[in-house]
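Next up: a single chain in structure tokens, the form predicted on its own.
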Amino acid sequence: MLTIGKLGASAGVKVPTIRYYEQIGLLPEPDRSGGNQRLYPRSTLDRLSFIRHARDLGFPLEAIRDLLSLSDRPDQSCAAADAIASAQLASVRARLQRLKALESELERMVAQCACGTISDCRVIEVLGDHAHCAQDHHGAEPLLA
């Protein structure tokens, strides 16, 4: 049995995150010691490692919940898991496309810099008026939160 600190260290997850995953039902409620300390079996470490890896790959929590549910029923077809992973791949590709557009816009903005004064600064001008952008990225969801 692992304490919450050892569980977190083993999986590379902070203690508050473990508590949060318990609260939202991604991790089962742990057993408690006589001193009311959380005690976790190896299976919880495996589940937490799964969650951590899925988060590292950018899966949202609801997709992870669905994947965990599927993993709890190993006799099922993996079509649903494939569909979830395919949706995540499409999401990553869309973000990459937006990042490439932003990269292009930033390169253009920096290349137009005359290295003069702020009153003539192309970077400040473009950031102040979206109409100066070569591509439409206005209203797009932020890529970094």
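The structure presented is a predicted model; accordingly, all values stated were derived computationally and were not measured. Each form is matched to the other, and the largest set of C-alpha atoms that superpose within 1.5 Å is called the rigid core. Residues carry their position along the shown sequence, with the first being 1.
This protein has a second form, the form predicted in complex with another copy of the chain, left out of what is shown; the following refers to that one.
The shortest heavy atom separation between Q76 and another copy of the chain in the model of the complex is within 4.5 Å. The closest heavy atom approach of R95 to another copy of the chain in the model of the complex falls within 4.5 Å.
Contact annotation: N36 falls outside 4.5 Å of another copy of the chain in the model of the complex, judged by heavy atom distances. Using a 4.5 angstroms limit between non-hydrogen atoms, S86 touches another copy of the chain in the model of the complex. Residues are counted as partner-facing when one of their heavy atoms sits within 4.5 Å of another copy of the chain in the model of the complex; in 1-31 not one qualifies. When two forms of a protein are overlaid on their rigid core, residues whose CA moves 2 Å or more are considered shifted, and P16 is not one of them between this form and the one not shown.
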